[in-house]
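Here we start with a single chain on its own, the form predicted alone, put down as structure tokens.
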Amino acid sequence: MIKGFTIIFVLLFIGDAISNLLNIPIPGNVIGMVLMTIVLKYKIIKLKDVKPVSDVLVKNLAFFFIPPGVGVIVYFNLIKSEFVPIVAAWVFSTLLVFAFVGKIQDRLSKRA
């Protein structure tokens, strides 16, 4: 477990460092996940090294949503006053993602 946590946190740290050093608007944790995908795909790190830790994290995922949920309550008045733009952005972005994923799936299915 210690080895798995170390790998995950090192990749998170590297992702944060890349995000801060290059001053790009992509969060470090996203960059870290991309790095994790790359090192797993090219078998630099074996899946068996991180799978037990990832299983524990996924099993307890709901626990990690408690702090953001409490944070939303703190900004309830702001959310209430900006409800229409928030919902509009939510609906628009959801439809955009659906369309984008649909186009990708269509192109990938034509290749096969």
Partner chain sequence: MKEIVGNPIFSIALTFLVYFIAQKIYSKYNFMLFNPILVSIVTIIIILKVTGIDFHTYNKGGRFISFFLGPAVIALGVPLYMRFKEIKKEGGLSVIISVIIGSIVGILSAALTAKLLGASKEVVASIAPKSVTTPIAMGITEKIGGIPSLTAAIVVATGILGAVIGPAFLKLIGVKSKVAFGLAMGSASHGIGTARAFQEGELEGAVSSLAIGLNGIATAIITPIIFYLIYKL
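All values reported here derive from a predicted model rather than from experimental measurement. Residue numbers count along the first chain shown, from 1.
This next part talks about the form predicted in complex with the partner chain, which is not shown.
The partner chain in the model of the complex is approached by L12, whose closest heavy atom lies within 4.5 angstroms of it. At a distance threshold of 4.5 angstroms between non-hydrogen atoms, M1 is out of contact with the partner chain in the model of the complex. With a 4.5 Å cutoff on heavy atoms, I44 does not count as touching the partner chain in the model of the complex; it lies far away. The closest non-hydrogen atom of T94 lies within 4.5 Å of the partner chain in the model of the complex. Contact residues in stretch 69-95 (any heavy atom within 4.5 Å of the partner chain, taken in the model of the complex) are G69, V70, G71, V72, I73, V74, Y75, F76, L78, I79, E82, V84, P85, I86, A88, A89, W90, V91, F92, S93, T94, L95.
Pairwise change in the model of the complex: V101 and L40 C-alpha atoms lie farther apart than in the shown form, at least 3 Å. The pair L95 and I66 approaches in the model of the complex: their C-alpha atoms are at least 3 Å nearer to each other than in the form depicted.
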